[in-house]
Structures are given as structure tokens and as C-alpha cells.
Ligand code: 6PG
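Take a look at this single chain, the form predicted alone, given in C-alpha cells.
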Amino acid sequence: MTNNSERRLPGGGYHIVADPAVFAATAAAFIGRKIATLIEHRDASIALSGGTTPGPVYAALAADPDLDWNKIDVYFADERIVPYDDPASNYRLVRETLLDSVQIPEGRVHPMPVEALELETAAEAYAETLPDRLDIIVLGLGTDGHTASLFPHSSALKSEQRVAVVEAPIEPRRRMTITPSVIAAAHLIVVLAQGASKTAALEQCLSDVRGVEDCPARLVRGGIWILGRDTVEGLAVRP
């Protein structure tokens, strides 16, 4: 029988540890409950990320019968500068795992304008479409400690813009990302991390040895972390 555990994290956040077999279902149920509560009273906004971990979570979220997608605006936390139909596109991932399976008006979906000719101008325009405070941002954790497309020592970590065009140290290198000010303003941040490959990055994020420049995911230590049991069992110090 699988089970989950919940505890406080260093930095003020909260974490839920889920067995790998139920990780996606656990994360989707948590996110779904938060959205459902919001749309009982008003429209909701959520920004989604790409990567290997979120896809199954989004697919499970699409099966949630309590979500009225007519009342939900979907934004993106970051995007690779590739065509929307490229396998590396976060938009394509979200479209295939979630959006194609729910009844959501096209006007409620706000992909980052990565196919624009003037990317800097497009980033500024996207920043204008974002609400002052996103209700929920779903983020991941990279093996190098990055989150969204905020990589260690990126100039975007100190950007005064809400959305920035950045160069990543991994392919695809050209990306567009929300910046720390958007993350800090969000009502709720949910961080997804699963697998032993994320253990070292999680250790760095929880430790006070490294700062945000070295481990950008420290920006979201105050969020809700949904962690695979296979991620935390290798930690030198358990959260």
C-alpha cells in the first residue's frame, strides 16, 4: 500500500512526499483542489512549466471532473524558443497532456510568443498579459538547481522585467521565462521534483550553504513541494 507524508521545509515551505507510483495522482489532486476552491468564487490563473515530471501530472489533472476550464486562464512559466509543434516545446507538452483533453476556450490559453521576430519586445508584451499576481505557478527542479528557465548565475535572476529572454546552458539554449518578481508575487507556488537525479539539487536548495545565484530554486523554498520518495530518500539530511 502506498502512502504520502507531509512536513514543513526549511525556508517556510511545506512538502508532500509521494510514492513514485502515485506521484502524478498526488500532485494533480493537490493542484486540482486548489483550482477548484478558487473557481467556486472567481476565475483562476495558473502558469505551467515543461520538463519530464509535469506531463503525467497534467494528464491526471485533465481527468479531474471538478474543474471548469471555462474559468481558468493558462499561462506559461517558461518556454523554449522553438516552434510550438517542436518536441521540445513546453506548449506542445501542455497541449498534448492537458489542453487537448479539456474543454477550454482558446482565449484562455496564453502561450509565450516565442515565434515572434522580436523576442525582447514579445517578452515585454507577454508580461503585460500576465495578471499582477498569478494564483498558481507550477514549477520543476532541474538537476543543476534551476527552476522555470532561471539557471544558475543567469542575468534574469536580477532582471527588473517580469518576463525575460535568456540563454540556457543546456539545449534548447534560447528561452523565455518569468523572473523572480512574478514568482514572488504568486499566491501559490507548487514545485514538482521526482527521481533520484533530483536529490543533489534538492539538497542544495534546502541547504543554506548556497544562495539563489548558485541554486535559483531557492527562490521557491516557501512554496509547496511535491517530492518523490525516491528523491528524498537519498538526502543526507531529511527535510
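All values reported here derive from a predicted model rather than from experimental measurement. Just count from 1 along the sequence shown to find any residue number.
Keep in mind the form predicted together with this ligand is missing from the figure; the text below concerns it.
Colleague: Only one of N70, T52, S207, S181 comes within 4.5 Å of this ligand in the model of the complex by heavy atoms, so just point that one out.
Modeller: None of the others qualify; the residue that does is T52.
Colleague: Here the chain is shown alone; which of V114, V163, L141, I137 has a heavy atom within 4.5 Å of this ligand in the model of the complex?
Modeller: Only one option qualifies, and that one is L141.
Colleague: Please name which of the stretches 119-127, 76-84, 152-160, 104-112 has residues with heavy atoms lying within 4.5 Å of this ligand in the model of the complex.
Modeller: Correct option: 76-84.
Colleague: Heavy atom within 4.5 Å of this ligand in the model of the complex: which residues of 187-202 qualify?
Modeller: Sequence-ordered list has one entry, K198.
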